[in-house]
Every structure is written in structure tokens, then in C-alpha cells.
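In C-alpha cells, one chain follows: the form predicted alone.
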């Protein structure tokens, strides 16, 4: 994909990412926005996202993110980044009305839903895709900071299996722009406030191992969320902590979003394809990290997930 060609003649450009935006979604959308504004100085570029976590407020353009989703005239080009269009919430109306619709993503479950698609499942993050698409003489420190933020969040600071030598070479180039990357990693990835630490401790303490100890699940219901004053933004990283427990092939973290409705996050090792499990329930993601929304009681959801997880574990055992 050639961004300059795809945006040629555009006067109004819109950008959005998935609901409950994480570090990669925020970083990629802001990096793309900064890049397009620099490449096309006369164009109006807007970013629409559900309100992101304040840990990303140091990224340039963060304060310009529109989370109110007002009525807009059709955009000449509209980018959906790090997801499929039906997961961008209220911003989907802009995508549907746009004169040209463009989809940039790295999730293996995305078939490509735009007029123009750049879906690269082998790449570790959407932010890395923005790096690949950018003309490098236009990159600057602000863009580098956004891209690096997205990369560290979707690669677990370069510890997940979606990290490869090219990823690290790109990261080395990005930090050469001179931003304080150790502080960025600490403040946006590792650091937790007191409520986040409490809710994570509660989730770990009440977790349940099953399937001969190979799987673990924890759930936070709305009553518990209200007790701690927690929101979904406070749950970042809990499923990874569950996955870090020795002997776990599949970690499941769930939180209640409505009556008999749960948001489910999966983290797995090489024995379980998380995207395959999530896709069965209408979700998606990567082989080692995926998610979906499920309806039913907590036990119903776990039992239904277990059928597909156990099937894969049995397949591996027979190989």
C-alpha cells in the first residue's frame, strides 16, 4: 500500500481503531494521523476512538482524539486501524459513509473489509505496519514515540512470539529519535495505580485452575467493579499475569459487561491457537492472544471455551 497514492486529492481524512483501545491501537492511530498531517498539510485529519487510557496522554495528538463521535460530512478517505470495521463502535458510521475505505491490520482473523486492505498477520503490531508504510524521511520523534508505544504493547515489550529480528531492528531505529524509552515502557506498560494493583490481586487470588492444571480462569463481575471503582481500562495486563503462571497453556480472563454477558481475553502457549477459539464465538485476534464477547453464565462460558481448548490440546497430544 502506498499511503500517498491512497490519499491523493483527499481533503478530509478520518481514522479509527477498535473499541476499548489498547496501546497498539492508540499508538498506530496517532502515528498515522501525525504522518498524514505532515505528508498532506492542506488536509484535515481526525482521529475517533473510545476514550483511551490516560497513560497515553504524553503522545502527541492524544488531546485531539474525538470520543464524542459527532455527525460528520463523509470523509474522502477513512482508515480503520488494528481491527475490522464492525469493532470500531460508533465510528463505524464514518467508515460506511466514506468515499474510500481503507483497512490496516495485523490480525489473522481479519479478511480485509475495506476498498483497500493492508492486512499482514505476520507483523507483530499495527504500529509496526505504520512504520512500514511511512516514508522514513518524514518520520520524526513524535511519530517514533507513537509507533514504539504500540509496538511494545502488542509484543509485551518484545517478549511475545510475534517479535522477530525485523521488529527489533525497527525498534532500534525508532529509539534513535531520542525519546526516553525506559520511562515510556515503565509508565505505559508496567506501572499500575492502586486500584489496578488491587483488582489484579483480586483476580489472581480468585483464579481457578482446571483441565489438569493446564488452563486457568478468573472473572470480575460488575459488583466487584463497583466495589473497587474499576473500569475495563483497569484490567490491562491481568490475563498476562495469569498466563505467566508455570504450567499454564491457556489463560482466560473475563469481566462482566452486561447481565449474562462477558468480555473474554485469551492468552496461550504453542499448544492452543487463541484466535481459533475466539473466532468460534465471533471474536478474533492472534494465535497467542485473542478475545471475544460471550453470553451466558460464567460457568456456561468457561464450559463452552473448554470444549475448544481441550480439542486443540488433544490434537497436539496425538501428533
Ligand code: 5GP
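Keep in mind the model is a prediction, meaning the values are calculated, not measured. Numbering follows the first chain given and starts at 1.
Heads up, the form predicted together with the ligand isn't pictured, but that's what we're talking about next.
Using a 4.5 Å cutoff between non-hydrogen atoms, residue 107 counts as a contact of the ligand in the model of the complex. In the model of the complex, the ligand sits within 4.5 Å of a heavy atom of residue 290. In the model of the complex, the ligand lies within 4.5 Å of some heavy atom of residue 87.
When contacts are judged by a 4.5 Å heavy atom cut-off, residue 284 counts as touching the ligand in the model of the complex. Stretch-level contact check against the ligand in the model of the complex with heavy atoms at 4.5 Å: of 26 to 34, 40 to 48, 56 to 64, 290 to 298, the positive one is 290 to 298.
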